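What follows is a single chain, given as structure tokens, in the form predicted on its own.
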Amino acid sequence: MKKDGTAGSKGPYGRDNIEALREAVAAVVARTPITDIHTHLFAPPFGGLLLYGVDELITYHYCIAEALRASDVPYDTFWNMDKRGQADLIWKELFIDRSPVSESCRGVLTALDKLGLDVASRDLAAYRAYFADADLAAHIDNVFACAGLTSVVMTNDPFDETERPVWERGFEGDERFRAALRIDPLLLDWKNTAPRLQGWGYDADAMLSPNARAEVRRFLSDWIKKTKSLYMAVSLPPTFAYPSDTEYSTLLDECVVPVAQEHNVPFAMMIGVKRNVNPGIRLAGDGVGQGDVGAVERLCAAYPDAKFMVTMLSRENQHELCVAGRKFRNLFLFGCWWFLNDPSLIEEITRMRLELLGLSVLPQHSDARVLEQVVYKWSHSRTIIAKVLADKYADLAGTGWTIDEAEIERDVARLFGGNFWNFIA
């Protein structure tokens, strides 16, 4: 074992031992620890914001949308059920009356299986008992170990009245749970956000006067320091345009980008969500639309010294976004977000990114809202990433190039978090 913890050089692998190369890649990918750079998880001091357990897994909005499509239960009837009743309905519709072949359902089963539960029993009561008896701190440790995570980045919203008081009381943090400052209301709902800022002691008028812009900068700086945020982030609709005659464009130019540069934190944009396509199914009712990669390019060109992290929700945007990544070194591509978190699409997008951008990307993040989701999302993604990476190394071997295990370890460590830490450094 070397001082840096790697296993040392094995190989070299070349055209004469491709199968051994594939086995080595699979082994390295399986054991390399991960920084999950975008989740909706929370540390225990945030109380009920930390979602965990089988009922939370089953009633996640992925499964809700699928179950309400399959069921004839009226929406209002479903929402009037308590969480246990909703989980019972979804379990029956998706796991008992039908084979659970969707990625959302398979994910529930993978998580339970990796945690040591017998999925063949189909015993929901036994699964509930397991989580009810679990010590939360020990359970978090176990989940991190099962997923192979060293840390996760939370989504921290200073406008959330449940979350905000935890920070105000002086949450000291947990090295496994890092912060990212989410600013959707600020950028997308300035009319209603301005009076809230006023109530918190920031002189921010609705007209976005020069003084208001200065106060927004002060607000963002205060919260970056309070939370020790690694980046600022926003989820944007497919209609997002830059530059534009909008309040959000002004706020980007006058507030967000200057503060990001001042604190040397990236600004992350997740582009392409259409909110409330079907309001009847609530959080499960959001959809997807094709965004404008040109808006990203113009931001990167306007601020070459600023750092931008981008993931887009539409499959149709992925090739153009990769090409944009080739043009701007201040643009960091990450993850297969939300509706793209399906094996066929993860493989396609990861393969495309490696072919166009090499090893300079971060292929995946979990976007997990329920703790145990990191177990299945990373289990499934590791398998896909190993397959794609092994194919790329095999292509290299076909040219006569050789690679040893230390080089594979180096590359995978970059893909599983190293590239992110280097980008934000």
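In this text the structure is predicted, and so the values were computed from the model without any measurement. Just count from 1 along the sequence shown to find any residue number.
FYI, the form predicted in complex with ligand RAT isn't displayed, but the following is about it.
| task | Identify, from the list Arg298, Arg275, Arg326, Arg84, the residue with a heavy atom within 4.5 Å of ligand RAT in the predicted bound form. | result | Of the candidates Arg298, Arg275, Arg326, Arg84, Arg275 is the one lying within 4.5 Å of ligand RAT in the predicted bound form.
| query | Among Ser235, Thr193, Ser104, Asn317, which has at least one heavy atom within 4.5 Å of ligand RAT in the predicted bound form? | reply | Contact residue from the list: Ser235.
| said: I'd like to know whether His61 contacts ligand RAT in the predicted bound form, with contact meaning heavy atoms within 4.5 angstroms. | reply: Because a heavy atom of His61 falls inside 4.5 Å of ligand RAT in the predicted bound form, the answer is yes.
| field | Tyr231: touches ligand RAT in the predicted bound form, heavy atom cutoff 4.5 angstroms | value | Looking in the predicted bound form, residue contacts with ligand RAT do not include Tyr231, since no heavy atom lies within 4.5 Å.
| is_contact(Arg369, ligand RAT) in the predicted bound form, heavy atom dist at most 4.5 Å | Looking in the predicted bound form, residue contacts with ligand RAT include Arg369, since a heavy atom lies within 4.5 Å.
| message | I'd like to know whether Trp338 contacts ligand RAT in the predicted bound form, with contact meaning heavy atoms within 4.5 angstroms. | response | Close contact exists here: in the predicted bound form, Trp338 approaches ligand RAT to within 4.5 Å, heavy atoms only.
| said: For the interface check, one of 64 to 72, 28 to 36, 387 to 395, 361 to 369 should have non-hydrogen atoms within 4.5 Å of ligand RAT in the predicted bound form; which one? | reply: Single hit among the candidates: 361 to 369.
| query | Within 172 to 196, which residues come within 4.5 Å of ligand RAT in the predicted bound form, counting heavy atoms only? | reply | Read in sequence order, the lone residue that approaches ligand RAT (within 4.5 Å, in the predicted bound form) is Arg182.
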